[in-house]
Structures are given as structure tokens and as C-alpha cells.
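There is one chain below, alone, in C-alpha cells, taken in the form predicted on its own.
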Amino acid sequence: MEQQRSVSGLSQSPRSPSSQPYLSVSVTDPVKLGNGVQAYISYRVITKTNFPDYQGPEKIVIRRYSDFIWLRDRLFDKYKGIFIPPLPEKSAVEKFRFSAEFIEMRRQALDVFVNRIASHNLLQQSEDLRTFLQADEETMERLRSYETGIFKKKPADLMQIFKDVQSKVSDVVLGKEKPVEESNPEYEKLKHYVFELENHLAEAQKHAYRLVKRHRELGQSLSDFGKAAKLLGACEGQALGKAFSDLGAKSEALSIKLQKEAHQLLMSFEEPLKDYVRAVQSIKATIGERANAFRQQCELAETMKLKEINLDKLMLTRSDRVGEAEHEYKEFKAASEEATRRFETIVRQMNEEIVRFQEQKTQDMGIAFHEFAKGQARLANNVADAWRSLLPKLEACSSA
């Protein structure tokens, strides 16, 4: 389990106490509760920390998937410019939603999600994180109900923000309006990098899925062949029958190894790739927020200029509306300055975040591909050893 967490980039979040400040979280013990459409999985969330703002060195709470959504939504709403870690998808297919494999994949992904937050130097200070890790179930349920509608931009809508910005190009072609976009080479380079990375990661994850599927299919084929070979051995004479039976037993044994390797490949290779595909989508959502902040900044700056021009005209004519116009100008100037500060904060945070993301990605992908190569080498050796051990018996039968 520690190895799996390392693959997911949690090396910054120690699992054991030390003299240094630490915040470590484990998502464990998934349990199905309820029946039918009301059924859901609950998780035991164990927090170990020496942070002074927490209630004690260890806290255990029960959480469900919607609680994790609440935390993600709150963080996205408050921490503009920060790449909020992604959540695993919610399966709508009943037969998969409660399968042991799906539950374990989700548990691991939720563990990765909350530990990425806990190891982030800003997000770990969040009051919402403390609430998530310490509040009782009744409090969390009340908060979820109260917050309904607070997070107006759901994941699909967040992607739409970015698409809306991009769609301005077509508006120009049609003569509708001129797009308000950053003309920043570094920003354009960042967007190009994110789109390219998403495409390449998605392609790698697709082929990783096919590798898992191939391992499982080969394992099942070996199992079926093994059974057939053992039945064939039962019909033959002693020497040949024994050879066929041994061949069948080896095939079945290899089938088990292949199935185990397929599961390992899924958890330590395909899932990390899928997690980074989701992470890139979170980055795109933040890019969308940046584009929106830039547009608001420009619109307010333009409105402020118009208010200033109007104020100057009224002052020249000594209009009795000068006081009202001056008040409006000051309001829009304050709003414009705040929008500029907000945009600059997002830009600064994103610049720091992309460096951190790239460093973590390099580490995580290196571990994932190393685990993949090591697993394939181990499987190849097991397969070669198994067949090699049968060669003397099969050669004896063929020369008899």
C-alpha cells in the first residue's frame, strides 16, 4: 500500500509522526450501506497530525463520496489559481459501482486526493479540510445540504468556462464581438502544453487499459486451456497423461499469475495515468477561471475609464450630478483594482502550481513506468521458468 501511495505522489505526506509538522490521512475500510438506488460506500478516514489547529494527534471519521465532492468544491471556490486535486469519476453502472475492484480503485483514488490536499502548503491550512477530517457525520450531512448550490460550477461547467473562452474566436469570424483574451506568449505556451499533455496522457492510458485487458484475457485462456489439458491427460496413458496433467497445472498456475499481474498493472500503472488525465482537466478548469478573471478585469477597467470620462465632463459643466458620478467612479475604480489583484494572484499561483505539477508528474510517471517494466520482467521470468520446467517431461514423451 505504501508503494501505491508513492506512485500517486504522496511522498510529502509521512505516515508516521516526527518532530516536523505533519498531516497524514488514510482512507480505509470501504463498506456498502443501504440498498438499491440509495446504496452508497462509506469510508473510514484516519487523520494523524501534530498541527495545533486540530483536535488531537489522531481522529477517525466516516465519510462518503459526496463528502469528498463537498471538499473539492469548497476548495475550488476559495483557492483561485491553485490546481485542486481531481476526484475519481462516479460510476453510473450498478454492476460496476459496487464491484470489489471498483471500490478498491475508488478508495485508492480518494486516498490520493485527500493526501495531495494535505501535502499542499496552502490547501493543508484550509478550514474546510479541517472540517472534513474532524466533523461528525451529522455535521457533514448538514454542511452538504446547506452548501447545495454554493458551488455553481460543476466539473462539466468548469470545462465549459474554458470552451466559452475558446469559442470567442468563432464570434470574431462571425463579426459578433472581439474576444477579450490574454496576449501573453507564456500563457499561450502553457495552454498548448496542457492540451498536448492531455492528449498524450489519454492515449497512454487507453493503451494501458488494453494491456490490462490483454493480460486478463490471456490469463483466462490459460485457465481454460489448463482445464482442457488436465482432462486430456486423464484419458491418456500414465507417462503421457502425467505430462498433460502437469501442462494443465502449469497453465492454471500461470493463469493466476497473469490475473494478479493484470490487477497490479491496473492499480500501479493504468490508474496513475488516469489520475493524471483527471489532473490535467483540473488544470484546464483553473485556466478557465484565469480567462474569466482576465475578462472581468478588462471589462471593469473599461467601465472605470468610461465613468472617469463622464465625471470629467460633468465637472466641466458644473453639473449637480458630479457627486453621484464621483461615487460611481470610485466604486468602479475599487472594483477594477480588486479584479486586477485577483487576476494577478491567479497568475502568480498558477506559475507556482505548474512548476510543482511538473516536478510531481516527473516523479510519479517515473515510478509508474518503472513499476510497469518491473512487473513485465517479473511476469516474463515466471512464464519462462514455468514452461522451461516442463520441457524435460514433454521431451521424454515425444522421444518415447
Partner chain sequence: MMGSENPGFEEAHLFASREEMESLVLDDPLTTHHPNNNNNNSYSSFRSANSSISESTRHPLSPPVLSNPADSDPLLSPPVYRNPNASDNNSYIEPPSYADVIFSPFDDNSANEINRIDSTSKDPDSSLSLSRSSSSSSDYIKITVSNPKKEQETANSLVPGGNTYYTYLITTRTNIPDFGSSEFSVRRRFRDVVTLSDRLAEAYRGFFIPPRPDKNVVESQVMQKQEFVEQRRVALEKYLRRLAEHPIIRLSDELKVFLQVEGRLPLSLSTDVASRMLDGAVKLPKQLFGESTAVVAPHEVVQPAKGGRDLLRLFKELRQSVANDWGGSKPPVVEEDKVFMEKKERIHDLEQQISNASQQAEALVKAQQDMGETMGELGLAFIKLTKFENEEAMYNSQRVRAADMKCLATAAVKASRFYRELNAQTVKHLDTLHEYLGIMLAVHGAFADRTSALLTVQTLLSELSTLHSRAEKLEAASSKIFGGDKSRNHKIEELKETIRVTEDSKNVAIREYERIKENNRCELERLDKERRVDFLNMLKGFVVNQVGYAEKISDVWTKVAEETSGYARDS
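Numbering follows the first chain given and starts at 1. Predicted model, so just to flag it, every value in this text is computed and none were measured.
What follows is about the form predicted together with the partner chain, which we do not show.
Only one of Arg348, Lys374, Arg341, Arg44 comes within 4.5 Å of the partner chain in the predicted bound form through a heavy atom, and that residue is Lys374. Contact annotation: Gln363 falls within 4.5 Å of the partner chain in the predicted bound form, judged by heavy atom distances. Shown alone here, Leu122 lies farther than 4.5 Å from the partner chain in the predicted bound form, counting heavy atoms only. With a 4.5 Å cutoff on heavy atoms, Glu359 counts as touching the partner chain in the predicted bound form. Though the partner is left out of this view, Val37 does not reach within 4.5 Å of the partner chain in the predicted bound form, counting heavy atoms only. Stretch 193-201 is the contacting one of 74-82, 287-295, 107-115, 193-201, since its residues have non-hydrogen atoms within 4.5 Å of the partner chain in the predicted bound form. Looking at 206-224, the residues that come within 4.5 Å of the partner chain in the predicted bound form, counting any heavy atom, are Lys206, His207, Ala208, Arg210, Leu211, Arg214, His215, Glu217, Leu218, Ser221, Leu222, Asp224.
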